[in-house]
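Two forms, one protein chain; structure tokens for each follow separately as structure 1 and structure 2.
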Structure 1
């Protein structure tokens, strides 16, 4: 899987209230949520973000609440991947469960600039910065998470597991 897009930079500890403020959680409609994505971190972001863009942040991205609305809003806004130095654990689970590709890379977080064009080779864990002609490494994705991705998310994975369990023996 190759993901190519334009970079938006964010800092440390981007919390789920910044990704999708709780005042909008009286709905779970992805399109509604996308209208407010990252609004409290950058109020113009929902208007500026384009399909295929990539978010790059620093440490502990997605800390705070367990709201799955956060990765849903990011995905529905057209952002195709998030790269950070580290992710908060519930956000990390949620992203894989719903099929939002995320990557951990210190180098990409430190060396990219807003607006850079990058290309992520998800299978090889290589991030190419086309603008700067540089290349960064991302942490390998654990094999179980790869299994989730190839199943198409946790629900598909669960369906398969249940089908196997329920097979007549």
Structure 2
């Protein structure tokens, strides 16, 4: 899987309240959540983010509460991947459960700038900064997790597996 997009940069400890403020959790509609994604970290982000963009942050991205609304809002806004030095474990799992690819890379976090164009080879764990003509390493996504992403998340993956199992022989 190859992903290519423009970078949005964020710092350390971006918690789930910064990703999708609690005041908007009266809905679970992804389109409504996307209208407010990251607005407490960057008030202009919801208006400026474009489909295919990529978020890069520092340490502990997605810390705080365990709500799935955070990765749902990011994905619904059109962000195709998140790269950080580290992720809160519950955010990490929730992201894969809803089909949002995430990557851990110290180098990409430290060396990219907002607006850079990057390309991610998810199979090999290579991130290319096209703007700077540099290459960084990330932990590759295991094949099972790539299956979850390709299916659109855990629920869709499960539906596909169940359909296969229920086919007449």
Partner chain sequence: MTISEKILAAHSGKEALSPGELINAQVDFILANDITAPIAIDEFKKIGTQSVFNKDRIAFIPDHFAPQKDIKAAEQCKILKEFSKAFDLGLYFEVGRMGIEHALLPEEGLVVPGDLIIGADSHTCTYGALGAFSTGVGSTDFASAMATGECWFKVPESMKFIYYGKLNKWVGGKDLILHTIGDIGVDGALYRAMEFEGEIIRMLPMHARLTMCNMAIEAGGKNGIIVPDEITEGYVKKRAKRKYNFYSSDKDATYVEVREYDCSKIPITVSCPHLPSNTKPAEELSQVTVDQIVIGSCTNGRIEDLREAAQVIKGKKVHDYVRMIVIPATQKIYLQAVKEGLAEIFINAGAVFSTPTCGPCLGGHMGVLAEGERAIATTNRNFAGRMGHPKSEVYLSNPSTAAASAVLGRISIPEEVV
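Residue numbers count along the first chain shown, from 1. Throughout, rigid core stands for the largest set of C-alpha atoms superposing within 1.5 Å between the two forms. Keep in mind the model is a prediction, meaning the values are calculated, not measured.
- Legend: structure 1 corresponds to the form predicted together with the partner chain, while structure 2 does not.
- Remark: the rigid segments turn against one another between structures 1 and 2, and the hinge among 138, 30, 123, 24 is at 138.
- Hinge motion between structures 1 and 2 is captured by two rigid parts, the smaller swinging by 29° against the larger on C-alpha superposition.
- Core fit done between structures 1 and 2; CA of residue 149 shifted by 3.9 Å.
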